[in-house]
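First, one chain by itself in structure tokens, the form predicted on its own.
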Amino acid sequence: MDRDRLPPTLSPILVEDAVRAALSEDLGRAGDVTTDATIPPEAEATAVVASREDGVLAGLPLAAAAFRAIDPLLQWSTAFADGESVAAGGPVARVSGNARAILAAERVALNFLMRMSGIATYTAQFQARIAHTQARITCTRKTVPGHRAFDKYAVRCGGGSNHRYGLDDAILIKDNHIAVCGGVALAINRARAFAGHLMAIEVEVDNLQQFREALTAHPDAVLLDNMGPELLAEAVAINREDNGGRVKLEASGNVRFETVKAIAESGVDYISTSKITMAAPTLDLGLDIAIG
């Protein structure tokens, strides 16, 4: 991870609320009836969480919180931090204590850890393909409802960047806004008159004519939607020539493993894609009771 970039953090309140909701969903009205029917209340155990494939970890605080929520006396230990890489077959964490508590929390802990690590891993794979450029992979608002903070945190763990969190923290003028408003520059000017001085303004454009119009209104960023690498490179050149490259440029649309390198090499600053949050495969992690 970049030495100038501090590790991402999660609000403990968000973690606690999400974990308790997930445990309540899983344990239902009667608790873990399988475990309660087969394991004595006093039984003790040690379990090992291990990765079955290479990946980047994210979600360790939620996994630990799941076990603590069931039994505060459970002992959780790990040599890893979120954002670090793990090799296939390697142990990730250990948890020891009451066996019933371990088994009751297992699925919720792994669900958070597997999904979030999958997002971090997928993001890192995209970012690795463009590491030779200045561009950064960034996520979008296409996240699991109710879990946006965790999805976006996982993106940062994978070395990516976050776009706006919601409709309330930045202005992004899209094609439908422009259609209703009546023009690119008019929409930007209205946004500038409305926004506070700390709120960024970005506008989405579909072609270079719209892009040139957008630059006349001086937005903070321009989203270049579904433009090929050649058009993107032309937009980068126009931005550099017209105002010294002060406007940040974001490419979006048709972003895949096969296309991201060429997109980044066009010179854009950011490449946004919903794939890192909506199409990331989970990282295969498992929990097994240590025998002997």
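Numbering starts at 1 and runs along the sequence shown. A quick note: this is a predicted structure, and the numbers were derived from the prediction, not measured.
The same protein has a further form, the form predicted in complex with a further copy of the same chain, not shown here; the description that follows concerns it.
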Review point. Based on heavy atom distances of at most 4.5 Å to a further copy of the same chain in the predicted bound form, which listed stretch, 117 to 125, 79 to 87, 188 to 196, 207 to 215, is the contact stretch?
Key: 188 to 196
Practice item. Answer with one of 245, 228, 253, 31: the residue that has a non-hydrogen atom within 4.5 Å of a further copy of the same chain in the predicted bound form. Key: 31
**Study point:** in the predicted bound form, the one of 93, 130, 173, 74 near a further copy of the same chain [non-hydrogen atom within 4.5 angstroms]
**Key:** 173
Check your understanding: Would residue 54 show up as a contact with a further copy of the same chain in the predicted bound form if we use heavy atoms at 4.5 Å?
Key -> no
Review point. Though only this chain appears here, would residue 27 touch a further copy of the same chain in the predicted bound form if you measure heavy atom gaps against 4.5 Å?
Key: yes
Check your understanding: Should residue 39 be counted as a contact of a further copy of the same chain in the predicted bound form, where contact means heavy atoms within 4.5 Å?
Key -> yes
Point to revise | 4.5 angstroms heavy atom contact with a further copy of the same chain in the predicted bound form for residue 104 | key: yes
Check your understanding: What residues in 76 to 98 sit within 4.5 Å of a further copy of the same chain in the predicted bound form, counting heavy atoms only?
Key -> none
